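Shown here is one chain on its own, the form predicted on its own, set out as structure tokens.
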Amino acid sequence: MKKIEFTVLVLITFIIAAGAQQADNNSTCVVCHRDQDPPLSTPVEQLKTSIHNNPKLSCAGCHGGDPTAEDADMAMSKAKGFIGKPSPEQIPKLCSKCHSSAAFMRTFNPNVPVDQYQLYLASEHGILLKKGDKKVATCVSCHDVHDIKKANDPTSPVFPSNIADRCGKCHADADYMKGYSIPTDQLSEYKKSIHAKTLYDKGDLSAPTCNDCHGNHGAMPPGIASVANVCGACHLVQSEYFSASPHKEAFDNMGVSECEACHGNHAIQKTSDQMIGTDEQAVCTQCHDEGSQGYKTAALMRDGIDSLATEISLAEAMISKAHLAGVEIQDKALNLSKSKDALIQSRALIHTLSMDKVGGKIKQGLKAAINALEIGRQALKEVGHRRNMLIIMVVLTLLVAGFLVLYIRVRERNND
């Protein structure tokens, strides 16, 4: 029975392969381009690994013409709709013939969105293309021409770890971007960021790259009013705290973008306690002069954060010593976990600009850290007591042993 099933499977595979080969042979597009020099045969080879390599699709679907005509002039007749190589302004509309049709796309994948074309028209790229700018990105600029891969294919140019380099093909080319009055260092700046390090070094595909902030088909630079919403998509807690803070109204009145004002945009670095306070590295002093209320608040917040972090370090060291000494205090060390949680929460609460809220959380953390430190001290004292008792017992044992030896010798002499 298994042999029969295997034979049927082989036959089905052979029939499918033969059918695909026959379909290729029946297409004059494929026959001609496959038999030409490598530059012309490249599309045929690229299509073999493309998501468009499907019997329901054909060269004529994009390029027009009659793939059944053996005569080249007839096959590439404009009367048959032949357009050859589409111009940049033709490409979005051409791709949308299929990708904007829900009925057609449902035959391939019902989950594929069909609003890409409308989004593109509203994008910076689409707007400029409509104005006659043929240098702007179109579908093929990002997805390639014939060798189009799924977005979740690691070899696809729109795979998360490849997107920044793909956008950089244009945006990092100073000569190509002349006349657009925008920087061309975005790619190099991004690759210095904590986002890039998380994406490339840690392999975290959820880390932000170009399209996460600027959008995909509807790509548009975030405006001042929308930067916070872009950042808040991931950093929700910090965004909510900031929105309720005094900075929100002040930034809006000054026309200052929210998150970007302190954290930057493309070269965003990992946050640290040095960003808060009045030191040289602190961002608070960019706006708040010495002696102002904001300056004083920043200093108080930094002092509180530093105090809690220091207390946690002391408690960790003490508990670590106790563990090394052999005292098991894992359950009691939960106080240390509580203090660490309080430190994390107090760092987030800085965005509220409320010393009451930050100070209250720091106070909770200090209480837990001090308790953990005391637990560690008591554990080390217990180790000391055990060690002293052990020494006393060893000494007593040696004394008893000495007395026994002496007693035995005296008895032996008396017996002699």
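Residue indices: 1-based, along the sequence shown. C-alpha atoms forming the largest set that superposes within 1.5 Å between two forms make up the rigid core. Computed from a prediction, not measured in an experiment: that's the story for all the values here.
Unshown form predicted together with heme C (HEC); subsequent notes refer to it.
The contact with heme C (HEC) in the predicted bound form, taken as any heavy atom within 4.5 Å, belongs to His214 out of His323, Lys192, Lys338, His214. In the predicted bound form, no heavy atom of Thr310 sits within 4.5 Å of heme C (HEC). Contact check for Ser58: a heavy atom falls within 4.5 Å of heme C (HEC) in the predicted bound form.
When contacts are judged by a 4.5 Å heavy atom cut-off, Val112 counts as touching heme C (HEC) in the predicted bound form. Remark: Asp66 counts among the residues lining heme C (HEC) in the predicted bound form, judged by a heavy atom distance of 4.5 Å or less. Contacts between 81 to 105 and heme C (HEC), taken as any heavy atom within 4.5 Å in the predicted bound form, involve Phe82, Gly84, Lys85, Pro86, Ile91, Pro92, Leu94, Cys95, Ser96, Lys97, Cys98, His99, Phe104, Met105.
Once the rigid core is used as the reference frame, the Cα position of Asp66 differs between this form and the one not shown by 2 Å or more.
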